[in-house]
Structures are given as C-alpha cells and as structure tokens.
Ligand SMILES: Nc1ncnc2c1ncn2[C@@H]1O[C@H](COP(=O)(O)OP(=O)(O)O)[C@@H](O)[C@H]1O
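So this first bit is one chain, no partners, the form predicted alone, shown in structure tokens.
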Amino acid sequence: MEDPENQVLDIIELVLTAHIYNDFDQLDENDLPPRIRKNYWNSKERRVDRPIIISENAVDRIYEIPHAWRLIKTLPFVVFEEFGARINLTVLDLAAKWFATQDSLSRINQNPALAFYYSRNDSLDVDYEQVRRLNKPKEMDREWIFSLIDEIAGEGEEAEDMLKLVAISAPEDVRESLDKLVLTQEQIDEIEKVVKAIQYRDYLREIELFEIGKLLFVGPPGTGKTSVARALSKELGLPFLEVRLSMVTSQYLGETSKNIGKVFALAKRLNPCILFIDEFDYVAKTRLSDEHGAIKRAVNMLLKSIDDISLVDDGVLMIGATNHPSLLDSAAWRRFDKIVPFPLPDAAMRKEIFEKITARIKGTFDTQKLAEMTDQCTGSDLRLILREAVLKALFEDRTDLTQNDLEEAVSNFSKRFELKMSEYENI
C-alpha cells in the first residue's frame, strides 16, 4: 500500500491541477497528466470539460485511495462538501506554497498544469514548455482514439464499412517497444529521422518540404517489419492503423479502388497517426502484365493516394511493408522517400535477440553458441524456438530453462525448417 504521505500529495496534486486547469483557459487537455485526463475525458465531445470536479470517488478511481478527505482534512486550504463528497481549495496560493515545500519538484516536472502555474509565479525553476513536450499527448490515450472512432462510426453505414478495413490500436495498447527490438544501424538512423521530422513538422511546412514520412520496409517474413512499425506507434505516441491490402481487395473488383481510397481518407481523419500498409506488393504489382483493368485502376488509386497524403500536411506517417520487392512496380518505389531494408539478422544480432528474449527467464545461457546454431533464422524464428523450450519446461513443471532446453529446441526447429524448405522446392 502506498505511503500515507504520498497519498496526501497525490490528492493535493489532483486538487491543484483541477483548480489551475479550471482557472486558466489557455490550458488544454495536453496540459493534464494522462492519469487525470483519462478519468475526465468526455468521449462524446472528445475533450475534458471545465470545470473539473474533484470528488472522493474520482480520487479513488485515479489513485485507488478511498476516503480521501480523512487524509487531508487537517490541511487549512481545503474544504469538503458533503453533497457529492467534493473536495475544493479555499486559497490557491496557500495550497501551491504548501505543495512546493513537500519535495514535490519531480511531480511538478511531470505535470504541465502545475509547471505552468509555478513558472508564472517564479516559485520554482520550472520549464513549462519542456514539461508539456514530455507529457504524453491526448492522442496516445485509447479514450481519444476510440471516441474519434465512435464519432466516425456514427456518420452512417458507409463510415462503418470504412472502419472495418483497418485494425486500429491506441499507442498505449501496443506491446512492442523499440528498446526490446534489435535493429540495424540503418533502421535506427531512419527512426531518428522520423522522430525529428515530426518534431519539426511546422518548420518543414514553412519551407514547403512535404515529401517526407513515407517509408517502405523491405525484407523476408519474420525480420521485424511489423514489430518496428508498431513500436514506432508507442515511441511517437501515434495511433496505429494497420491494413493488409489483401483485405481491401474486394471480390467485386470495382470496389477495390474505392476501399483503398477509404483507407487513406480514414487515416487523414484519425491524424496524427501511423498508416501501416502490409502486403504492399499485393496490389502494387507491375503494371506491365495483362492484368484486369480493375486491378490496374486499384494500383493507380493506391499510387495517387500515396501522392496525396503527407506527414507534414496531414499528420500521417505512412509505412509500407513487402516481403516481395521484385513484384513492385517502379512507380510504387518512387512514391517512398526512403526504402528501409530488413535483412536476416547476423550472428551478433541473433546473440542480442537471444539475450533480450531470455532476460526475464531463470537460467544461464550461452547466447553466443545459440546464435551460431541459428544461421538463417529470423527474429521471429528465435522467438518460436524460445516458445518451444518454455513449453517443454512447463510440461515438466519447470519455470527455469537450461542451455540444453534451448539447444534441443533449436535442433527441433531446424528439422522443421529443412522440411518446410524442401516442400517449397517441390512446388
């Protein structure tokens, strides 16, 4: 259970934040810490309404502190209203001065509303703009993205059909994170460039440099293309829209072009966001073959839609992914400002992947030997090997692993891998 002194600070931070947010109209939702903002989010209006009211129930929901008034009733700057069990400030300045003396600087530096107030009053050395930049924006909250989805869905059957074409995830619901992935230096460099492009989006618009933020991830299955795209969602705090082109290809060929247009229109509605188009080669094949006219129109619609979307103008980072780059039309290649290769991991990368995926498992492992045993394996393959070793140990009622468990899993995987490859060769 949390220390009572920290619980008192939690309650007063909430009361102060609400009071400041209510008093200063120039503050918006991104000035509220996510924990507070999510509790007061109005899904229908997609905002936090003023005034924010602090009740004992609200304190319990946000901090899991029941009967909050009992903890703070001796403080001279708060009052309790029996009706609604509300907690109010009597004197803002008195409460703020008390809070500043409670070793609360770390809290203030994580709360833009508080940072705004203390920077104005010169009570503490606080950089409001920096605190606001570091605060997770409302677009990272599932409440924001799903309230926007509900608004779009309410526009009619056509809007509902549009939403069915993509899988949408809020950044906070994405499991993948960049620190858990093993990347090449080129991949790291491109990610850093994207981060800077988003940071300086206004500058790029000012100098009219719009052709930025369209990436094509190229590499064999299992090399991390989707994982990196999803991890970028969490890193950048952007909703993640995933579409497989095979899913938007209608049995009625004339509908395919319309579906592609709907996907891009939806991305613009949900901006800022990441639009991840998997199986990019499914539609964007070479146009030199004798394809059906409807397929050609679908390809043209895809290329036109890519041309018409922009990170700078529309707030949409577009990432395409393909396992078969040889199938892509040269016109499709030209639409991307950067091609990012996802090669099979080398021995050093495989060693690092093994280190990361076994980090929370009891046991001592020779990851160098495991890396040497898994030549030509993808990162996805290595996770499957670990899965088999863990399941075998659990079957024996063990939660620890041995080196032999992993080596045996590698051996079994290699046999299946060879069988799979021989089946491909016989096709």
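Nothing here was measured: the structure is a model prediction, and the numbers come from that model. Numbers for residues come from their place in the sequence shown, where the first is 1.
Beyond the structure shown, there is the form predicted together with the named molecule, which is absent from this document and is the topic of what follows.
Peer 1: With the partner left out of view, is Arg86 within 4.5 angstroms of the named molecule in the model of the complex by any non-hydrogen atom?
Peer 2: It does not: once the named molecule is placed as it appears in the model of the complex, Arg86 has no heavy atom within 4.5 Å of it.
Peer 1: Is Pro221 close enough to the named molecule in the model of the complex to count, meaning some heavy atom within 4.5 Å?
Peer 2: Yes.
Peer 1: Would Lys180 show up as a contact with the named molecule in the model of the complex if we use heavy atoms at 4.5 Å?
Peer 2: Judged by the heavy-atom cut-off of 4.5 Å, Lys180 is in contact with the named molecule in the model of the complex.
Peer 1: Any of the heavy atoms of Pro33 lying within 4.5 Å of the named molecule in the model of the complex?
Peer 2: Pro33: no, not in contact with the named molecule in the model of the complex.
Peer 1: Of the residues Ser169, Thr256, Ser119, Ser227, which one places a heavy atom within 4.5 Å of the named molecule in the model of the complex?
Peer 2: Of Ser169, Thr256, Ser119, Ser227, the residue with a heavy atom within 4.5 Å of the named molecule in the model of the complex is Ser227.
Peer 1: Of Lys38, Arg383, Arg50, Arg398, which residue is found within 4.5 angstroms of the named molecule in the model of the complex when only non-hydrogen atoms are counted?
Peer 2: Looking at Lys38, Arg383, Arg50, Arg398 one by one, just Arg383 meets the 4.5 Å heavy-atom criterion.
Peer 1: Just one stretch in 55-63, 390-398, 23-31, 372-380 has heavy atoms within 4.5 Å of the named molecule in the model of the complex, so which one is it?
Peer 2: It is 372-380 that comes within 4.5 Å of the partner.
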